[in-house]
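Listed next as structure tokens is one chain, alone, in the form predicted on its own.
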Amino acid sequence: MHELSVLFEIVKQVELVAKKNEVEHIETLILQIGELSSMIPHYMKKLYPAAIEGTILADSRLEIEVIPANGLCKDCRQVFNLIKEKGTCPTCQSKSFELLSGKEFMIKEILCS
């Protein structure tokens, strides 16, 4: 489960930003995770309390926005969800696509009080 080590690194980064900006309390951390990223949102949520224990984020809440895995068909130019359509364009049945989104993993927002 690499999610925990990633969460520890995120906490470090958030603490650095908080210190630099003289923030004493963080209410919510919002992450964006693509459907095709190697991070599993369910595990991130489950492991979050362990990662924030004893930190400035100790009482914070984790929100996760899942970014859909969208592709652009190279043949008919239709945008479609790669997971739902199993990598096949629903319009022309082509399996040739350009990845538009779904591999993202980023801190979107840090809500402070």
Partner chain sequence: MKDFKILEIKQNVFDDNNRQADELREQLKKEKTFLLNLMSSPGSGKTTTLTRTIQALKDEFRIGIMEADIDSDVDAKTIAETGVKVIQLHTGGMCHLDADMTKQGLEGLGTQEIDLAILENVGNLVCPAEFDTGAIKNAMILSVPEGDDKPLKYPLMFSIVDVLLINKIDVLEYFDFDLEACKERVKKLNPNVKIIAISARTGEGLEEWADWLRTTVKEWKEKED
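Numbering follows the first chain given and starts at 1. It should be emphasised that the depicted structure is a prediction, and the values quoted were computed from it without experimental measurement.
We do not show the form predicted together with the partner chain, though everything after this point is about it.
S.K.: Would you classify C89 as touching the partner chain in the predicted complex, given a 4.5 Å non-hydrogen atom cut-off?
M.R.: Output for C89 is no: heavy atoms all beyond 4.5 Å of the partner chain.
S.K.: If we define contact as a non-hydrogen atom of the residue within 4.5 angstroms of the partner, is K95 a contact of the partner chain in the predicted complex?
M.R.: Residue-level check for K95: no, no contact with the partner chain.
S.K.: Quick check on E53: any heavy atom within 4.5 Å of the partner chain in the predicted complex?
M.R.: Answer no; every heavy atom of E53 is more than 4.5 Å from the partner chain in the predicted complex.
S.K.: Taking 4.5 angstroms as the cut-off for heavy atoms, does M39 touch the partner chain in the predicted complex?
M.R.: So M39 counts as contacting the partner chain.
S.K.: Is every one of E35, K74 and N81 within 4.5 Å of the partner chain in the predicted complex, counting heavy atoms?
M.R.: The answer is no: none of the three residues contacts the partner (heavy atom, 4.5 Å cut-off).
S.K.: Does any residue in 90-113 get within 4.5 Å of the partner chain in the predicted complex, counting heavy atoms only, and if so which ones?
M.R.: Those in contact are F105, M106, I107, K108, E109, I110, L111, C112, S113.
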